[in-house]
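First comes one chain, alone, set out as structure tokens in the form predicted on its own.
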Amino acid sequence: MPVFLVKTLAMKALLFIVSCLVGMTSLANATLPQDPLKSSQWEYLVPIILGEDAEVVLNDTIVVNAPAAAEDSLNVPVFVDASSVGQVERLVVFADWNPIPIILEYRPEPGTPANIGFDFKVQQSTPIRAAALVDGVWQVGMAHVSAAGGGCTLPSMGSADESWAAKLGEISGRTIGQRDNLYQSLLFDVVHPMDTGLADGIPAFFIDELTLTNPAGQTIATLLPKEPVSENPLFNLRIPAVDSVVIRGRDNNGNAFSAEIMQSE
């Protein structure tokens, strides 16, 4: 077979493969809704965080309350309410332009609303997304936070305090709501530096799991915080009304801690 013919066939085969790959990419992108916030990270992060085959829809009934402009890049408050979409299996909150995009994952058990408030560290102005998995479909709400930035690369205050180790893992909190109510609010905080590992000479050191159970030992919800959650994190959850809540946690260094929070009168 002439050399030129071999080269022509090889070139055609290469073009066919490239066209198939481009077609597959276009098909994958076609299933992802356009980002109203026009972030170039949207198409890149969704397959990584939610899965390459994730079915994604935008849902503006998912509330993501965050300040339009962050006053403190180390402590940016956000409240997410995804209770409008039904029983949520997983709720993933992430920031497009943070060096560590995933802020936390919340897994409410059946009967527990997907409501959560917390503070996080922001590196620069960024969209904040809340993706709720319901019946195999990721429903996404969002907001935008403008920030001077730098929060993820600053050392924690605890890392410079020699006394922090004695209080590491201390949990305090309270509930708001009467026993005859269907739901109540649970507010609790945990003493922990929540270091991202991005500050010079300070390794990542953060809470990576918190489990809430009722007096019968049944799980109410599971929290999987990531490095961007603020130091000494404070969580605000909506949970079924119970007489007490046991909170058990651990960090990425294997430290375990727990506490029981009694129903407030």
Partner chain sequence: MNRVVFLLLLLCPLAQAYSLKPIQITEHVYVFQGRTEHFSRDNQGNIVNTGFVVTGAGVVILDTGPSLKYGQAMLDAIATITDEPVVKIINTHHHPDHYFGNQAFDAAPTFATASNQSQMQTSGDGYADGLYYLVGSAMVGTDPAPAQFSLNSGSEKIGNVTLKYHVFTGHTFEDLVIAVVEDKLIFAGDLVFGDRAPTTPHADIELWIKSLDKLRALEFRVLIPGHGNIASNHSAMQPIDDTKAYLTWLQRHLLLSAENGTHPAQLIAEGPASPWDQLGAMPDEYERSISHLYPEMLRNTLQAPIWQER
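On a predicted model such as this, the values are computed, not experimentally measured, just so you know. Residue numbers count along the first chain shown, from 1.
The form predicted together with its partner chain is left out here; the points below concern that form.
Note on the partner interface in the predicted complex: the residue among V78, I103, A131, A114 having a heavy atom within 4.5 angstroms of its partner chain is V78. The contact with its partner chain in the predicted complex, taken as any heavy atom within 4.5 Å, belongs to L187 out of L187, A143, V85, L154. Although the partner is absent here, A166 lies within 4.5 Å of its partner chain in the predicted complex, judged by heavy atoms. Contact annotation for E89: none of its heavy atoms lies within 4.5 Å of its partner chain in the predicted complex.
Its partner chain in the predicted complex is approached by D72, whose closest heavy atom lies within 4.5 angstroms of it. The closest heavy atom approach of V246 to its partner chain in the predicted complex falls within 4.5 Å. Stretch-level contact analysis of 89-97, 168-176, 131-139, 104-112 against its partner chain in the predicted complex, using heavy atoms and a 4.5 Å limit, identifies 168-176. Within 4.5 angstroms of its partner chain in the predicted complex, the stretch 128-143 places no non-hydrogen atom at all.
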